[in-house]
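Given next, in structure tokens, is a single chain: the form predicted alone.
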Amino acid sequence: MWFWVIAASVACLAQKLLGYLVPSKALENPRVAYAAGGVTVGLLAALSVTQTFADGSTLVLDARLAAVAVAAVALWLRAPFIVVVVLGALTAALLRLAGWG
């Protein structure tokens, strides 16, 4: 197992070092910026969905879903980010205290 951990670490470091070799002219291309933004949004969405609805390899609907819903409403109402985080955490904590999830 440690071989794969070290191999993945070396591969990540090599990829990061290769990024420094890319000419700045290529990075200033609007298509590159658009693609990088799209990849970032896609990865963040995938992470959010996975962390909200998955527990191992099973699909679950628990306090996390309600917490994300409350946070989404708070964002929609343009609440400050710290308020969004506190409302989501408080929702999850209270629902878990009540025995749901």
Partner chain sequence: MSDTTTRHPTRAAVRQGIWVGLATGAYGISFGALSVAAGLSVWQTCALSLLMFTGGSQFAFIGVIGAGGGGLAAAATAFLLGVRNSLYSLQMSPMLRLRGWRRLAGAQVTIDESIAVSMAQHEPTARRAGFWAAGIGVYVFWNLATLGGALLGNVLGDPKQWGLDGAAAAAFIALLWPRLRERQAQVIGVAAAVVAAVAVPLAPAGIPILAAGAAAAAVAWWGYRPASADATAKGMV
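By rigid core we mean the largest C-alpha set that fits within 1.5 Å across both forms. These numbers come from a predicted model, not from an experiment. Residue numbers count along the first chain shown, from 1.
We do not show the form predicted together with its partner chain, though everything after this point is about it.
Colleague: Counting only non-hydrogen atoms and a 4.5 angstroms cut-off, does residue 98 reach its partner chain in the predicted bound form?
Modeller: Output for residue 98 is no: heavy atoms all beyond 4.5 Å of its partner chain.
Colleague: So, in the predicted bound form, is residue 35 in contact with its partner chain at a 4.5 angstroms heavy atom limit?
Modeller: Heavy-atom contact with its partner chain at 4.5 Å: present for residue 35.
Colleague: How about residue 61: is it within 4.5 Å of its partner chain in the predicted bound form, going by heavy atoms?
Modeller: No.
Colleague: Since the partner is left out here, which residues of 33-63 would have a heavy atom within 4.5 Å of its partner chain in the predicted bound form?
Modeller: Read in sequence order, the residues that approach its partner chain (within 4.5 Å, in the predicted bound form) are 33, 34, 35, 36, 37, 38, 39, 40, 41, 42, 43, 44, 45, 46, 47, 48, 49, 50, 51, 52, 54, 56, 57, 58, 59.
Colleague: Classify residue 16 as shifted (yes) or not shifted (no) between the shown form and the other one, where shifted means its C-alpha moves by 2 Å or more with the rigid core superposed.
Modeller: It does, since the residue 16 C-alpha is displaced 2 Å or more between the shown form and the other one after the core fit.
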